[in-house]
Each structure stands twice: as C-alpha cells, then as structure tokens.
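What follows is one chain in structure tokens, specifically the form predicted alone.
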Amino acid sequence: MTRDQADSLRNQHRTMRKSPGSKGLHSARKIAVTSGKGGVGKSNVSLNMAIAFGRLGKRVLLVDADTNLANIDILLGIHVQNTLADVIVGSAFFSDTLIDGPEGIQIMPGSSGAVEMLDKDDVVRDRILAAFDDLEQRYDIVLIDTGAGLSESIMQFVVSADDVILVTNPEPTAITDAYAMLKVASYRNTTMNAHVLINLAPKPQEAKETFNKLQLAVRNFLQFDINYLGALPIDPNIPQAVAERTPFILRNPRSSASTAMVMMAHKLLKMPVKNEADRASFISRIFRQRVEE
C-alpha cells in the first residue's frame, strides 16, 4: 500500500469519527466466529447464532468469510449467484450478493481471496470501503464466519472484530489449537473481546472444565481474561439438521442445542462492546490494520 493510500484511509476514518451526524456514528456490532482447527462446528454455530440473533429482534448480516471452505450456502441448501469477488471486479452490486435467510437475516456468500483483491486497485478499494460503510448502517450485527487456523486472512478478520467467538471442543488437540489462536490474536489486538463456546461436550460440567483449563493457560501465559459464552450439548437434532440442510434451531426450536444457542446469543448481546468509539466498517478496519502495520 502506498503512502498516499495510507493517508487517504486515515483521513477517511478521522472524518467518520469527527463529523456530527456522520454515518459512521451508527454501525453494526462486528462478531467474528473462528476456531483454531477445522471440524469443530464453527460454520454451523455461525449460521444458527445468526438466526438466534434474528429471533431476538436484531437485524443481522451473516458474512461467509471462510475462503478455504465457504459452506453457509451448503448448510442452507441454497444456490449462490454472486459473491463479494463479483462486486470487486464490477460485475455485480452489493445488493446482488445478499441472500435472504431465515428469521429475516441476510447472508453474504463466501468468496475466496476477496479481501486480497482489494489491495490491487485503490479506486475499487475506496468504492468498496464506502459501500461497506453504508451497508453496515442497515444492520445491528454483522456476524463473520471465518476460516479455521492462523492464516493471515483469517487473523485480519479476527483482530478487526468487536467480539470474537472461539469455537472449540473438549479434545486436547482442539484446546491446543484454540490456545494458539488466542495467543496470536491477542498479540495483534491487546483489547480483544474473546468468548469461548464449547461444542460437543457430553455434559455441561465437562464443557466448563474444558473452558477452565483454557482460561488458566491464557491467564498464566498471555495475561488476559476470556469469557465463557456457553456450550452446545451433543444433540441428535444437529446432525439430522445438517443432513437435511436445515439450521438445527429451525428444525427443532425446543431441542437442547437450540435452547442453548438462543441463551448464548442473548448473553452476548448483554455484554458491552469494548471499542464502542470505533464505528468504522469491518472492511475499513482490516485496511486500517494494514496501514498501521
């Protein structure tokens, strides 16, 4: 990124924060859902959490940012025509990418390498930044389903969010990878607001014990605290819903997993946003991070 591009981006953020009545004064809460390793149910959590927020009366945009295995559309059994990549190359508008989902949520399908493409053209970048700023005014929550692992593109989404939901399970390898994610992310964002969701725990006590082990390691070696968001129990409704390409929270709203998901969504909404003063759009934050680095 050139010095002129960097200066332009900094000036854009200063204007957004200082101007009375600026659109940037009201923006969505950005929540990234991530995991240290694949196979822990991250995308399923993202989809059902988004629907839970919708049931609680929130306007929700679910962004499928898993550039390696974008699969929100698969979980819903829907056909995708346009993605963010099409917007960047100019073959579609933002409105063309959005898909109406259950409970009034909207979904932006995944697109491999979309963020990286923005680096190539400053005119396109500025247009997309402005469009995202406008887009986020429509929502209360932007929920981002990231990829699994510690790649640069994943970390950019994680450290730019208001909140991070880290999905893991009681397996030792999953806990080790979750710790690695927290270590890398906290180094780049010292005020990260991290919430841990334990998936596939046989019993609530085992889920809490899993969290306690992770929390102890984080406190001792990384010197910060993480929040216990809750646990999704082993529930036969979940694999059946996946097989039917139906969110489990819709297939059986009264199942143990569905009840737990709504409770966790409600719990998260009650928690304050640490960086409330920073109302820049999600994509804008990613580029500001690149400038500062």
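Just count from 1 along the sequence shown to find any residue number. As the structure is a prediction and not an experimental result, all values here were calculated from the model.
Although not depicted, the form predicted together with a small molecule is the subject of the following passage.
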* N199 within 4.5 Å of the small molecule in the predicted bound form, heavy atoms -> yes
* Taking the shortest heavy atom distance, is G54 within 4.5 Å of the small molecule in the predicted bound form? -> no
* Asked: Just to confirm, S258 within 4.5 Å of the small molecule in the predicted bound form by heavy atoms?
  -> no
* Could you confirm whether L229 comes within 4.5 Å of the small molecule in the predicted bound form, counting heavy atoms only? => no
* **Listed residue (M49, A32, L62, I238) with a non-hydrogen atom within 4.5 angstroms of the small molecule in the predicted bound form** => I238
* Asked: Are all three of N193, M264 and P272 close to the small molecule in the predicted bound form, meaning a heavy atom of each within 4.5 Å?
  -> no
* Interface segment, criterion being heavy atoms within 4.5 Å of the small molecule in the predicted bound form, picked from 238-246, 264-272, 54-62, 221-229 -> 238-246
